[in-house]
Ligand SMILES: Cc1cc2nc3c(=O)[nH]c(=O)nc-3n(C[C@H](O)[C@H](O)[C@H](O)COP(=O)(O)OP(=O)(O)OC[C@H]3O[C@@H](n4cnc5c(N)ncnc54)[C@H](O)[C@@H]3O)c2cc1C
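Encoded as C-alpha cells, the following chain is the form predicted alone, with no partner shown.
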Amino acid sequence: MDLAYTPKQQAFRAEVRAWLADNLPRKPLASYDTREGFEQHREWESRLFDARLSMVMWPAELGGRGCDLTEWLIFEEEYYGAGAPMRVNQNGQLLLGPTLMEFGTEAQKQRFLPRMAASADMWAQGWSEPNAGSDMAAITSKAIRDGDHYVLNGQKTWSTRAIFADWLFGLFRSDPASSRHHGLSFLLVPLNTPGVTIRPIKALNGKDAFAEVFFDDVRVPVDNRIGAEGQGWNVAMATAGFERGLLLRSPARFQYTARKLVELYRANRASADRDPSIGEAVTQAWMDAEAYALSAYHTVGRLARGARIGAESSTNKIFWSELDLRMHETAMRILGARGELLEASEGEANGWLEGFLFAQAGPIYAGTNEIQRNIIAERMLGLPK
C-alpha cells in the first residue's frame, strides 16, 4: 500500500489546516445536546459550508467539493488534529446523504442535499422502536398510502438529537400484511408536521441527547419516499453500511483520542505506572488507532478500484466502538477518583468523563455488537444460524 500523498492532496491538506487555524472558535462550543450548543454547532457548520469544507466528498453542485475518499480522510485528520467542534448533523450528512446519492431521485438530491450540507436542515434517525431496536425487521410503525400521501402511525425511540432536529428519516411498514424485512418503506418526515410529538430522553450526562417520536395520523407526501415502495429494507441496509463502515466514525476521531490519552498518561506517569497494565493499555490504544487508520486507507483504495463495502462493515463497527470504550476506560483509570468530577470545566479531567459516558453507547448504537458478530459469522464466515 502506497501511503505517499500527491501534490494535490498535500495542497488540500495545507489549505484545510490554514483555514482551521484562522477560523476555529476561540472558546469551546456548548454541548450540542443543549439548545444553545445545538445552534452554536449549526452556525459552525454553516461556516464550514461557506468555505466548501462541510461535505468535501460531495459533488460541488450538491453543496460539496468533489473530493475523493482519500482527501476526505486527509480533511478528517486535519479537522480532528486541530481540535475542531464535533459535527452535529452526522445523521443527515454522513448517513442519509450517501443514501440519497445512491437511491434518491435527481429532484430529491437537489431538494435535500445542499441544505443538508449547509445544516440548514438538521436530521434525526427514526429506526429503533420500543420492540425493534437492533432487529429493524421487527418494525411496526405504519405508513398507509392515501392518494399522494402516506399516513404514519407508531413510535420511534432513541432518536439522536431529535428534540432539536428539523427532519427525521426512518423505516415504516407500508404493507400492513407484510412481515420482517418485507413491505417497509424509507420515508423523510418533517418534524413540524401536525401529529408529530417529540419527548426528550436524557442521556447519562443528564442532557437531552435522545428523544422518542410519536406519529398520530401524520401525513407525509409520497414524494418524500426514498426508493420504491416496500423496498425500504434495501435502502436502510445501505445506510447501515455507511453507519458501520467508514463514514460515521472516521479513523482520525480515534487517533485524536489516542493522542490525548498518551498525553494524559505522560502527565500522570508517576501514579499511572503503579499499575503496569495502564501503560500497556495506552500503548495498545495508540497502535489500534493507527491500525484502524491504515485499514481505512486500504478500504478507500479498494473502493477506488470498484469494490464495495459489504458485511465487513460490521467488523469496523465492532473495532471502533470497542476501541473507543477501552481508551476512555483507560483514561478514567489514569485519573482515578478525580475523573468523576462531572462538572469540571478546566484541567485534565475535562472531557474524559463525558467521553467515557458516551462511549458506553458505542457497542449499542449502529446495531449492537452482538448483532454485528452474528452478521460476521453468517455472511463472512459462512457459519450456520
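The first residue of the shown sequence is 1; numbering continues from there. The structure presented is a predicted model; accordingly, all values stated were derived computationally and were not measured.
Separately, the form predicted together with the ligand exists; it is not shown, and the next lines address it.
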* Considering only heavy atoms, tell me if residue 79 and the ligand come within 4.5 Å of each other in the predicted complex. => no
* At the 4.5 Å heavy atom threshold, is residue 155 in contact with the ligand in the predicted complex? -> no
* Asked: Heavy atom to heavy atom, is residue 160 within 4.5 Å of the ligand in the predicted complex?
  -> yes
* Does residue 374 make contact with the ligand in the predicted complex, using a 4.5 Å heavy atom cut-off? -> yes
* Among 174, 257, 91, 314, which has at least one heavy atom within 4.5 Å of the ligand in the predicted complex? -> 91
* Which residue among 215, 150, 127, 292 has a heavy atom within 4.5 angstroms of the ligand in the predicted complex? -> 127
* With the ligand left out here, work out from 356 to 364, 321 to 329, 57 to 65, 36 to 44 which stretch has heavy atoms within 4.5 Å of it in the predicted complex. => 356 to 364
